[in-house]
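Heads up, the chain shows up twice below as structure tokens, two forms, tagged structure 1 and structure 2.
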Structure 1
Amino acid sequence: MLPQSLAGVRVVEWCEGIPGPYCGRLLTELGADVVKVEAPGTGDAARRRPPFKTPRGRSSRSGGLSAMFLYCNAGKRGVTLRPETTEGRRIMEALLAAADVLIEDRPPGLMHELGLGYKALRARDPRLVIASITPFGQDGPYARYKAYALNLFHAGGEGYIQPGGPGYGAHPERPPLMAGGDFSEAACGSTAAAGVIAALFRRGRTGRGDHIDLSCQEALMTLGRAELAAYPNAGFIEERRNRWINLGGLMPTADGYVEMVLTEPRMWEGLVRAMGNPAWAGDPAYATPDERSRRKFEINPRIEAWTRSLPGREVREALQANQCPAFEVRTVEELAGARQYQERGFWVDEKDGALGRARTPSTPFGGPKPHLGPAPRLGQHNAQVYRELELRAGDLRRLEAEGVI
């Protein structure tokens, strides 16, 4: 069962925001025991990121607990620690001595300055897998650059060709756009998780750990790896207009939008059948794909007149029944209530003592879904985790008073 694939693997996560914590979330879903390290008093900055979930289950822009933090950190054990201090570093070393994986997102060079760099940690434990997640990697002329998701998305090259598709047709001179939501940061976290799993698999064969130097910029560049390869080998430059589907594409419906693909003759034939074989579609001038593409300004308004007359669901079903790929543009609200994902168990209800029920998206794999439990409150598992390191209650009280934990 996939939810138990990493059972017995201990991960220490010293990260904030989304990429590192999302990587940790994915490992938690596979059964790893992830211990999240946060600064005493303040914790992960994502704790203060809206929207917030209140004890009554409502959404709020202030107060309550961050919905993003709750999702990215579900099922983890949380401790507070300052590894920058002498005693804090010793405790971190003790945590890592019992761990298989470290995920960290400190600026390049900082881990080395703290005595927690890859070479130092590898000397203590050659089996440790370390994933370092930074904007531009550990070396190179950009290594010390700062960046947020917006900077990185455009640095990765994808923003240059956004908006594509119908967005280009409507606004060809529009400045570059970033993909909405947290898509780019989650993509970096997914890439990091894949690297960790591969390193653990390799360790199982060789007995040796590894250092995964993840550049978020490069992780985002790999989303367009095929396009990147086309330029040095064929001189082809991907542009917005290359991604514009001339015929069909995004069409308004009676209650939203539907995206249809008409790139092959059979798809055009399916559309014509779905529309009831209108007389205009039999015009000899529309007989070939090239002719239809040249006459898109005649054809698209006729297709739009049909789609506007029907709800998106009916357009989708009519096209799918005739071998024409199509689907509605769905909102998050529509996705949350759709029967498809209810039946597959994609949405999982988790219980949180302070907030009640929390419904969250789970893994995309069929079969049993993991129930992770709530995200930790700040320092919630200090006593539990540190006692595993044989620290006594008196030591914990002193370390807390000194601001070490």
Structure 2
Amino acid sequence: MLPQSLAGVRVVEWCEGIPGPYCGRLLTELGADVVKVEAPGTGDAARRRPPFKTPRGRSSRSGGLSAMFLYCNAGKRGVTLRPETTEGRRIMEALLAAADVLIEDRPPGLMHELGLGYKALRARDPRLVIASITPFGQDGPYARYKAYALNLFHAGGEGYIQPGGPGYGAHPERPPLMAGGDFSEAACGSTAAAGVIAALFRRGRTGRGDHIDLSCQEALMTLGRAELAAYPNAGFIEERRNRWINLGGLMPTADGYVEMVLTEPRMWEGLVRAMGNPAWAGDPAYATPDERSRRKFEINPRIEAWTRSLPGREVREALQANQCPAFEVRTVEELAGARQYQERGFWVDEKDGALGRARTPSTPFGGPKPHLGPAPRLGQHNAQVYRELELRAGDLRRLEAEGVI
């Protein structure tokens, strides 16, 4: 089963924010033992991302625990370490000597300067798999360019073509947009995780590790590879104004919006049945797919008149009962109550001493779900992890006093 598929795989994660830590989370979901390395005193910048939960369980904008940090880092063990110091580097090397995988997101070149570059690490352990996750990769003219989530999304090419459809129609003069939430950075993390597992698979066959240079820009470009390929291969540039779903698409309902995609002739027939066979739909002018496609700006308002009269749930049920792909646009509140998600065990109620209970996504894979447990407090597992490296208690106290751990 998937939650045990990476059992026995030991990962060291020296990453902050979302792409690297979400990669680490996915490896944790799949059964790997992930040790997260953070800077003493400050830790992962995501710890300081609002909103927070205070130790008493209240929400706060100024201090406490960040929800996104808890999500990305659930189930990891946490240590503090300053690999930039001589002793810190030695401890990092000892951690890596006991590890199968290193994921890191330091600026390109830094690992090499610290003596922790791919070549140095490979010379010590040819089985180590290393993933370097950065906005633009390890080399090339933009390698040291800075990018936040907004910039990454637009770097990948999807930003330029968003929003299309009704969003563009309402405000054609406005700027192109990034997707909401943390979608793009998380997608970079899942791409990185796939690369790590592919390299582990190859290692199982050849005995050799690898280095994966992952550019978040390229990860996001890959998701839009068909849209990008239109330019060199078909001679046109995808534009927001052309990004319309032919028939149906996004429609307002009595209580929100519904999305429907009616690509096949039988879906048109399903829609007509769902609407209760209105007279207008029997017009011979709408008899063929090509005719309907040509008259979509006439047909879509008529579909909309129907969707506006009903709650989204009823529109969706009527369409799905007639084999038409459709669903209402759900809020996160609606997702938390979604029966389909509950019955499949998608939501898990994670317990954390400091937080009480919180309902979070487990994994999108059906079947048994992993129990990840809480995210580590800063340096929570120093004693445990460093004792595994046979560091003595006296040394630990000294290193702590010196700010190395």
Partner chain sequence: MSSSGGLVLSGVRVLDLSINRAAPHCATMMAALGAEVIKVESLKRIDAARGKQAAADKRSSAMVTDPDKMEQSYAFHAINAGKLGVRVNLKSPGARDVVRGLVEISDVVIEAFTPGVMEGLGLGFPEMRRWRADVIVLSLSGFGRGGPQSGYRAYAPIFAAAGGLSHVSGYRDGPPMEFIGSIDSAVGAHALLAVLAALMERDRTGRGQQIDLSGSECVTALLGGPVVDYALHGLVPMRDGNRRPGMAPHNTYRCGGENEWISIAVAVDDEWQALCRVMGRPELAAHPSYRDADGRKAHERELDEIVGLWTASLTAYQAMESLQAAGVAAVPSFRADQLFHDPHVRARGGWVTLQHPVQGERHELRVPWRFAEGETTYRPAPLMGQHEGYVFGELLGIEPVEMERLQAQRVVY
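For numbering, take structure 1's sequence and count from 1. We call the rigid core the largest set of C-alpha positions that still match within 1.5 Å between the two forms. None of the values given here were measured: they were computed from a predicted structure.
- Taken from the form predicted on its own is structure 1; the remaining one is not.
- Residue 295 shows a C-alpha shift of 2 Å or greater between structures 1 and 2 [criterion: core-superposed Cα displacement of 2 Å].
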